[in-house]
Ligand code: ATP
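The chain that follows stands alone, in the form predicted on its own, written as structure tokens.
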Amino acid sequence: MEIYIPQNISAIMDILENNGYEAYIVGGCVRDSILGTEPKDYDIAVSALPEEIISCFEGYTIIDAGIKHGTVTIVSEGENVEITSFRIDGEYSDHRRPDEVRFSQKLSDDLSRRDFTINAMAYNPKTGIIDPYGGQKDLFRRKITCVGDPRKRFEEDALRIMRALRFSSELGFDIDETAAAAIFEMKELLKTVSAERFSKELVLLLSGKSPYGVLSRFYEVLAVVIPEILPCVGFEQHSRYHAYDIWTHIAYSAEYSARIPDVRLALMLHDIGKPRCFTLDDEGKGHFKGHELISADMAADILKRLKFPSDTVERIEKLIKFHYITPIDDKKVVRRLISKLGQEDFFLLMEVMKGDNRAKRSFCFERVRIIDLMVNRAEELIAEEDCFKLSDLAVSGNDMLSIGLEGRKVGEALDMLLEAVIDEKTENTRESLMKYAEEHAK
């Protein structure tokens, strides 16, 4: 099989080979090429030592921050290309990085230390695909299989547990039973993974093509770091709107939503607080009064614990607080939501609401149609440069001062005018707004 290699990557490999070294593209770029997916980047493995790599690229911009572990980064046509010496990893005492790295002249040594068979392939146009662990077979079987003993692989680097889950979701592959058993057995090792590393893999997992399978099967693994998941598992909702328990609904809502990281993240947490506010009435109907506020607060705590950026925490909290609203194709409703959320978050909320309703009973699917109408209406209002925020008003604070208002009364009057425009009680013209202010401002 012939794999396309971009010209700048091919040029780097040629330089290395012309200096007497073996050079291969390795890992994800080989995997993605076989799958027919354009690789995000290309990594090169080479028989040269780090100092020898550097000597081959005089005149190039070189980044040697990873040289301790054998990686030299060459800047080629504005792209950072990692070139790593064939290596053998030592023991992993911290379940993260090898205590020592020994360099090797053998590609086979380098491939033997990799996590999964689908990532343990190399390619050079002269030799073709080098695949000692059956990565191609596992690609066609749609299986995530470890290189060697999965327990050893996960013990070396506990993040590989999350990487297995992430690749399963991203590619829509099953996890090999031996690897899956090791994941459950060694799940507590995730406590040794930094919050930042866990969070990055979690977002990639949620953004994959098949998050449902991972969320529904490996919830106990994720719950090592997010224990708030467990009360949701198997919790029957006793609601005419819901066909599934809380966690199954959450998993399906992520699967049925747009592949937007913040949307998927919000949906994973949108009902996380339901078990805390459940009540069952005399007719056997379940109620979750205020669950959106409880879930939003819990989500914020979880995301802060996982070291998500503050703007992400605020956005997810906001999306969860508003996810429960009943869709209404009404100009005032849409205008008010855009005013409260901002344009970008409004459209994200619509995607959250669609995912939520697609994971309910079939009669709720009608809501998705209404949400699409709300999206269309929002686009029309934005195109018309409608009024959503104070800066869109045709008057300013100085205008309020001119009618005798002072201090906080100025801000209160502007807020009142914005509400009036949104509710279509007055037009957004200076004349109409000044008249309305003179009649209603106190």
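Counting begins at 1, following the sequence as shown. These figures come from a predicted structure and were not determined experimentally.
We do not show the form predicted together with the named molecule, though everything after this point is about it.
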Considering the named molecule in the predicted complex, find the one stretch among 394-402, 378-386, 30-38, 53-61 with heavy atoms no farther than 4.5 Å from it.
-> 30-38
Of H249, K354, R166, H270, the only residue with a heavy atom within 4.5 Å of the named molecule in the predicted complex is R166
Partner-contacting position among K318, R114, H242, H291 - heavy atom within 4.5 Å of the named molecule in the predicted complex | R114
May I ask you to state whether D157 is within 4.5 Å of the named molecule in the predicted complex, using heavy atom distances?
-> yes
Give a yes or no for N119: in the predicted complex, does one of its heavy atoms lie within 4.5 Å of a heavy atom belonging to the named molecule?
-> yes
